[in-house]
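Structure 1 and structure 2, given next as structure tokens, are two forms of the same protein chain, each shown alone.
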Structure 1
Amino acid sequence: MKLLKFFLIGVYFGVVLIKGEVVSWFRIQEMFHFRSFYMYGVLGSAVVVGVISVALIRALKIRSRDGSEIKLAGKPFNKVGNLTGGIIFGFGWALTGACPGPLYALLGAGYWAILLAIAGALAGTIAYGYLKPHLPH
């Protein structure tokens, strides 16, 4: 039952990804070719809401529902890993027109061809897992 709340938040996220057209290959290519403001508006306003939310949680010392202090430390800064991994991710984002959230959403939406991309993403994860000790981060 502990997991049910996360499942329900996921349902909400899945609806937003599909209805927001964030899953659309067309929207992603349109963004990278600067042919529309749409995706920039989506990502920009999402970050604005996120920044304000985090600031409010900090300022009002809002606690998590179980009473624990909310953890607001960012991910570790790995100069080479963040940039190199980021660029490689960008290659894939443009090629598939989908990032990880949309991979799952497109599966749920019945675009079965996305199973190819999911299989690829799992293979990429396995490759990274084995190469990690040999890569600069």
Structure 2
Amino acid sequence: MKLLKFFLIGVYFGVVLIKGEVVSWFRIQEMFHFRSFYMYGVLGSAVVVGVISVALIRALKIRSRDGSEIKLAGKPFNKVGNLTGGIIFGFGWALTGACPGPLYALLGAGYWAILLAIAGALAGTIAYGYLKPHLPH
């Protein structure tokens, strides 16, 4: 029961993604072919909300629920790793027509073929876990 509120928030977010057509294969293809501003507007709005949220957290020194300081530390840039990861991510997105985030929303909407993409994402996550110690830093 403790996690029920998070489940319900996730379900609500999934419904918003589906109703907003953010997970629509056609909308994503429009974006990749530069035929529509819709997805760029959605993604840009998310970036703006994120920037404002981080600025408010820092300016107001907002703390977590347990009272500890929220530290937003940057991560080091790895040219080869970021480029390789970005290419793999982009290929997966283009092939499936779905970013990894809404895969479960698509499953909830009844798109059973997305199970292949979920299996691929899980396999990639497991492979990364095994390969991480051998990858360049």
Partner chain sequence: MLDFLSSSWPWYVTGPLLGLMVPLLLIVGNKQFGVSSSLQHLCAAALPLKAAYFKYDWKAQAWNLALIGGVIVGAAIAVSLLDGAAAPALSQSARELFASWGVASIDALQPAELFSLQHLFSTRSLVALLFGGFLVGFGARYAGGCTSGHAVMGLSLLSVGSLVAVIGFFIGGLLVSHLLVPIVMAL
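Bear in mind that the values here come from a model prediction, so they are computed numbers and not experimental data. Numbers follow structure 1, counted from its first residue as 1. What we label the rigid core is the largest C-alpha set whose atoms superpose within 1.5 Å from one form to the other.
- By the stated condition, namely the form predicted in complex with its partner chain, the first structure is the one that fits.
- After fitting the larger rigid piece on its C-alpha atoms, the remaining smaller piece is found rotated by 11 degrees between the two structures.
- Here the rigid core is superposed, and residue 8 then shows its C-alpha moved by 3.7 angstrom between the two structures.
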